[in-house]
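Quick heads-up: it's one chain on its own, the form predicted alone, in structure tokens.
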């Protein structure tokens, strides 16, 4: 972590107050909110802008699916967190960013002025222009996924008439793998002992893109033991209406379709007037500040560091929190910013939904009850900071 040349300095508002605005409360911006509660920036005012009144932690979604946690365990109440920090919470949809005027426009609210802005609105499931029907459940936003899933299961349950439920998960990355592992528990909890024909579809030559070969083999064996139909190298050309159609004309019937594909930028990022990378995410320096001449940061999935892009993973967003806090203070004071360097190695844990997990670290792969206990400890410890 070294010093870097600062971007545009900050001017205090006409009132003399220093306005910090967090747009989107994900892993990184949540750290700022917690830090503010412990030690607010003198003379500062913090405003949080979010589509939801809760912050949802992706690491526990699989555990909620498997019945290992209640929905509330993966969420934190933003109203309570903001009250504790003396911050203002604005729940609503951002419709525009006025970079030159340093204003954020939220539907139904007066414009929000900022001296510093951190954008952390995450990503959405990518489907590369492939049409998805209304019955396809994207796993984001996380806050509503389980509610939407339960509604769909209650809709299709009475139509089964004794036959197994047919389900398809589109996307064989870590998220899709965990959903495929844990979904059967959710189905059983809502529909009882119905059969489940589950397919996992991925466009890559192998599932678990980015996972070590030993980890993939463990996942494969687990899926084989559970009768999961894994289809790789298949590109989805249409999904919805009870069917997933892949290249070659093959049609996979499915009462339930869940999209857990890779990350794509939220459409609004392209209309902000800020530099973006080739995929449409906001371009940043290694300091997390956007490459625009403005006091704006982009964190988590929302930002891509120029010349050092990293995969979109929650572990990076968590590690960015302390760097962002330091740089908010430094940019306010006109001091050089510090840089963030994405770690090259980190622990990966996949919940298999049965009280065990598969772990991977520095090329080594493990499976067992202790892996789940480790994941449970890490996830609970993280959420305990906000609950």
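Nothing here was measured: the structure is a model prediction, and the numbers come from that model. Residue numbers count along the first chain shown, from 1.
Form predicted together with a small molecule: not shown, discussed below.
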With a 4.5 Å heavy atom cut-off to the small molecule in the model of the complex, the contacting stretch among 272-280, 240-248, 138-146, 220-228 is 138-146
Within 4.5 Å, heavy atoms only: does residue 68 come near the small molecule in the model of the complex? no
Applying a 4.5 Å heavy atom distance criterion, does residue 202 contact the small molecule in the model of the complex? no
Contact between residue 308 and the small molecule in the model of the complex at 4.5 Å, heavy atoms? no
Heavy atom of residue 299 within 4.5 Å of the small molecule in the model of the complex: yes
For the three residues 49, 121 and 175, verify that every one has a non-hydrogen atom within 4.5 Å of the small molecule in the model of the complex; reply yes or no. yes
Quick one: from 317, 116, 74, 256, grab the residue that has a heavy atom within 4.5 Å of the small molecule in the model of the complex. 317
